[in-house]
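Okay, here we've got a single chain as structure tokens, the form predicted on its own, with questions on binding and movement later.
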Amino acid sequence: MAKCYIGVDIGSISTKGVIIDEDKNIIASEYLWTEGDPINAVKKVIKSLKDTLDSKMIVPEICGIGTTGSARYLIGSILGATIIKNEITAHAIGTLSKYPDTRTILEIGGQDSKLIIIKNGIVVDYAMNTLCAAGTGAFLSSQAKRLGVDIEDLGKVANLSKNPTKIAARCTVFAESDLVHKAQIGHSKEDIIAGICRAVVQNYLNNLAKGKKLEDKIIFQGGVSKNIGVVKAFKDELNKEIYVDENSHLMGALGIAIISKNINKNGNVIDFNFDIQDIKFKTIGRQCNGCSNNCEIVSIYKEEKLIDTMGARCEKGYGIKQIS
């Protein structure tokens, strides 16, 4: 039997999961698309993690479960998480576990971006951009599709460019219009794609890094960190070395798994069943009219039984007990 800790990072575009051992080593991991269904995505992640442990003949004793990401409260309730934390904390803890001398974390996900400034191992400043997708993975994915290039090949094509096209990428509408125009007047595909990568970086720096000093060591993570064209653009713009870990896309999940370990000082085993694939979970959203707050309530059901309610600011929001 091996004491293990589960970390799940549920984003709008992708869902990531890891299992770590007592030494904080990743012994199982999964990354897949959320596809607008975080509950089903997490079911798939948990099954994949268990299959990996089985293939390694590891019999786990689960001592902690942590969730982070945009659906962290929903999935935390479903999994019975022992800790739920925001992405800033999770990404910082995960990164520092591998790079203790980190000073700057650049993170670009599917639909948002983050900048985390660290000093002496402590987060001292951060910024998030959740309003515009022009500098995110979703933007890159849509433009790759428009240009007929697989998203996995986008960086390779970008690095073939000798003269990146200047793309106006302050917003997705302008960027797409400018991209079409540049293609129509004869700019090559590789120059346009390199221009998109550069525009993503410039958009990120203009929106998140204004007034902030980005000091070495700089770690780039999130799904977009796998795009070598964007990595090169960051190096060119900052004139600094940019480090990308092989598990850069898993840092949030790693961090929340480590946090779940840190809060369980005695390593006590918790009750957790990996077999959740056949369990029927259902969520119901409603507006509570019990007071002037008019809270947006989400009730979570497991096999028709209410297991949690989120969003209420007072006890009036917890009045619904059965599915209607």
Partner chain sequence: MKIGIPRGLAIYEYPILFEKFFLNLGIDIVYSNITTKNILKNGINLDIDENCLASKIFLGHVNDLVKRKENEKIDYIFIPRLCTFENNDTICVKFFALYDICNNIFDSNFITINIDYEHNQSELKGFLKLGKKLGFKYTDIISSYIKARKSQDDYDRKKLNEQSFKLYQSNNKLNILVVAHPYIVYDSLVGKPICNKLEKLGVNIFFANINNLNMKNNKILKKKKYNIKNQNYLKISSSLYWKSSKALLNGIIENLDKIDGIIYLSVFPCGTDCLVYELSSRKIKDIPSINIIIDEQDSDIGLDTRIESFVDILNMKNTREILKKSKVI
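Positions refer to the first chain, counted from 1. Because the structure is predicted, anything quoted here is derived from the model rather than measured.
From this point on, the text means the form predicted together with its partner chain, which you will not see here.
Of the listed positions (C295, L53, I39, I276), a single one reaches within 4.5 angstroms of its partner chain by any non-hydrogen atom in the predicted complex, namely C295. Just one of L147, M128, I228, I151 comes within 4.5 Å of its partner chain in the predicted complex, counting any heavy atom, and that one is M128. Three-residue candidate spot S97, K217 and F234; no residue lies within 4.5 angstroms of its partner chain in the predicted complex by any non-hydrogen atom.
Residue contact with its partner chain in the predicted complex: N86 places a heavy atom within 4.5 Å of it.
Using a 4.5 angstroms limit between non-hydrogen atoms, V123 touches its partner chain in the predicted complex. Using a 4.5 angstroms threshold between heavy atoms, H249 stays clear of its partner chain in the predicted complex. In the predicted complex, none of the heavy atoms of K305 sits within 4.5 Å of a heavy atom of its partner chain. Annotated contact segment (heavy atom within 4.5 Å of its partner chain in the predicted complex): 64-72, selected among 45-53, 64-72, 22-30, 263-271.
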